[in-house]
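Quick setup: one chain, the form predicted alone, written in structure tokens, and binding and motion questions come after.
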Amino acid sequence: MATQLYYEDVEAGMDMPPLVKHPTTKQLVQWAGASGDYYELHYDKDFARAQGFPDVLVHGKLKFGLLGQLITDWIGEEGFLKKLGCSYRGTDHPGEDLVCKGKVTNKYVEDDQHLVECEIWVENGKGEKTTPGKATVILPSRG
């Protein structure tokens, strides 16, 4: 069972534990079925190569979901994900590690809510940030 994170436990500049994923082409097919995103770039290697890519691409929304998992795993069951967003700045391919990372950028209390703002991102195997984003969470307080 994961340890609950509290507002008092975090400080600006703090890193969250990374989440490493290794997407496969099978996962991409499953994601396409669940999301309805059947664009050929995600399953047809010949089509992807004709578009200038070395292989099929991991769905952007799948990477968005991985960032959601990073945050919700970190905040624990009593935490609340208030806001999550990202942008797609690079491509990722099945068979390569994707590392989801995050850092606390701010914390404050507003309307009796203990809010924490974070910078989050997905890195490819070369350490390039392909999917930067931001999240705001509400954490329980010990006080």
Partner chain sequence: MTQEGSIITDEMKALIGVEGTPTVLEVEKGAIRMMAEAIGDPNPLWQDEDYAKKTKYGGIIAPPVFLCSPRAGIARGVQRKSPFLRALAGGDELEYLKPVKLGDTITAVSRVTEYSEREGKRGKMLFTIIETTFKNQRDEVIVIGRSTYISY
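Bear in mind the structure is a predicted one, so any value in this text is a computation, not a measurement. Positions refer to the first chain, counted from 1.
Just so you know, the form predicted together with its partner chain exists too; it's not on screen, but the next bit is about it.
Although the partner is absent here, D97 lies well away from its partner chain in the predicted bound form, with no heavy atom inside 4.5 Å. Its partner chain is not shown here, but in the predicted bound form it comes within 4.5 Å of a heavy atom of G85. Its partner chain is not drawn, but in the predicted bound form it has a heavy atom within 4.5 Å of K61. Interface membership of F47, defined by any non-hydrogen atom within 4.5 Å of its partner chain in the predicted bound form, is ruled out. Using a 4.5 Å cut-off on any heavy atom, the residues of 21 to 36 that reach its partner chain in the predicted bound form are, in sequence order, K21, Q27, Q30, W31, G33, A34, S35, G36.
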